[in-house]
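Next up: a single chain in structure tokens, the form predicted alone.
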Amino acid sequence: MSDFPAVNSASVVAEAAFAEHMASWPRMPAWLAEAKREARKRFAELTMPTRKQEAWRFATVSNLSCDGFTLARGEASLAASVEPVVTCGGCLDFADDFHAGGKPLDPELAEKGVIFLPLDAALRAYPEFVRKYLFGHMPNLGSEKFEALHMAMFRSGVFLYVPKNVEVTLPLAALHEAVRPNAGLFPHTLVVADENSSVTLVEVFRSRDANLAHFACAASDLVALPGARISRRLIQSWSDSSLAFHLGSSTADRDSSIDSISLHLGGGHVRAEEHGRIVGRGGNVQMHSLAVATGSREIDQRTLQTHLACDGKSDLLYKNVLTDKARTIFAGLIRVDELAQRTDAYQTNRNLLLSPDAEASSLPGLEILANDVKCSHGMTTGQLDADQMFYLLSRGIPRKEAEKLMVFGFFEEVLSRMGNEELSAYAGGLLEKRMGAAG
């Protein structure tokens, strides 16, 4: 369990909240305290986003205020025993950013040197090692003000380290749950896979009560050292009245690979930023996402694939399903450095509109300085295929069932990449529930 004392409820953007946060962490390393003070200063200096900024083109910026959200109390009674969504080698449960239990790490993995701890515990046990990687790379795709708020206010999250040549066969898992009304959460995930190691991390972000509003500003940093393999599966189902930021960075070194899949199924306004970086020869980053936007929700996605070394690969596939008056924005860029020869990079955004009032905006782009590359981008936006619908109806399948089959066919391209049958079934159940509620 976390040893943070309970803090008073205060707006997460107030100076008083920052003071309470700092006081609640009595054994904070001096370097981290200084970094947090600098981040709080930067947050105060940066202005709120406007639609005049290219990074916020098409986005709604009028509802980004965090004033109504407060720091949560660290009460152990908030936690409940929760079964992991997959068979796993260990699980960390968090309630309102406080470690609240879980499943201990498999002793065999611990004997091999795997470290899987709440981030605040890792900072106490391995301060200099964590310092080497913590906040090494943030996506910096427009949400710098909220990145600064996250750095200033985060108190825990996941720290995962896999030593050289260790293969973790079962996934490791983490649950981040919002509990209190108007709670402000700042979960951070740091994964470091040493040379020739491999690991899968499954993270679920959700609201315990679907009727309560929350603010979540989550960040992640995945670091794959030479020859390492990291797979991350993120499933987000915040309440529909919540404001959420998910800010992720992946760094692939020589001959390493990072495979991330994000499912965004909740939240009233979600901003997702993902930056994949190839820094070593032969690095490979896969970035896949599936989002379902219903009602009047908005899901704003910004991505960057940066190639800084030769013979690298990156592949991005973002698929969105929209109903009612929902909106999605996708803006992605492939950037290839002049030294990154023989780069192989792809970027695809596909949007399925199930309502004439839904709106999807797509802005793919390329910025290539090398002359020996294979790069492409593309986007499609459309409705259910009329010929396919006619075929299903002609076979006696009711229209509602035919629509469901076609939508789940659209989902399958991402779900089939999960690599775990239990996780695919869990995600499919959430998708069916979401689409049922939309219908």
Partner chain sequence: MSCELPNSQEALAKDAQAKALDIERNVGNFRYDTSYDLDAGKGLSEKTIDFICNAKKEPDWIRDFRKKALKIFNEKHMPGEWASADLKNIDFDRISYYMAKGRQTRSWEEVPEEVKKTFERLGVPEKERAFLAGVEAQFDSESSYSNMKEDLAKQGVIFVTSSEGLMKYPEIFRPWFGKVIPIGDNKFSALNSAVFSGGSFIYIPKGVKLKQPLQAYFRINAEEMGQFERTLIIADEGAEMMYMEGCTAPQYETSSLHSAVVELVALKGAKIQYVTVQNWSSNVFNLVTKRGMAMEDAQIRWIDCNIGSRLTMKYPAVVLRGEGARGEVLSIALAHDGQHQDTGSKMIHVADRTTSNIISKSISIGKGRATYRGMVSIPSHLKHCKNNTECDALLINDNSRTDTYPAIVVKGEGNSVQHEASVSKVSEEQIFYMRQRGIPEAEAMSLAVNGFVNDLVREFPMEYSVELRRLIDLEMEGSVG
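All values reported here derive from a predicted model rather than from experimental measurement. Numbering follows the first chain given and starts at 1.
Unshown form predicted together with the partner chain; subsequent notes refer to it.
*Counting non-hydrogen atoms within 4.5 angstroms of the partner chain in the predicted complex, say which of I368, A121, L317, A110 makes the cut.*
Filtering the options by heavy-atom distance leaves I368.
*Identify which of A59, C375, L32, V414 has a heavy atom within 4.5 Å of the partner chain in the predicted complex; exactly one of them does.*
Filtering the options by heavy-atom distance leaves C375.
*asked:* Considering non-hydrogen atoms and a 4.5 Å limit, does the partner chain approach P356 in the predicted complex?
replied: Close contact exists here: in the predicted complex, P356 approaches the partner chain to within 4.5 Å, heavy atoms only.
*Examine G268 and determine whether its closest non-hydrogen atom to the partner chain in the predicted complex is within 4.5 angstroms.*
Judged by the heavy-atom cut-off of 4.5 Å, G268 is well away from the partner chain in the predicted complex.
*the partner chain contact at M379 in the predicted complex, heavy atom, 4.5 Å*: Judged by the heavy-atom cut-off of 4.5 Å, M379 is in contact with the partner chain in the predicted complex.
*Counting only non-hydrogen atoms and a 4.5 angstroms cut-off, does R399 reach the partner chain in the predicted complex?*
R399: no contact with the partner chain in the predicted complex.
*Give a yes or no on whether each residue among Q53, Q341 and P364 has a heavy atom within 4.5 Å of the partner chain in the predicted complex.*
Each of the three qualifies.
*When the partner chain is placed as it is in the predicted complex, which of 259-267, 157-165, 331-339, 214-222 ends up with heavy atoms within 4.5 Å of it?*
After filtering at 4.5 Å, what remains is 331-339.
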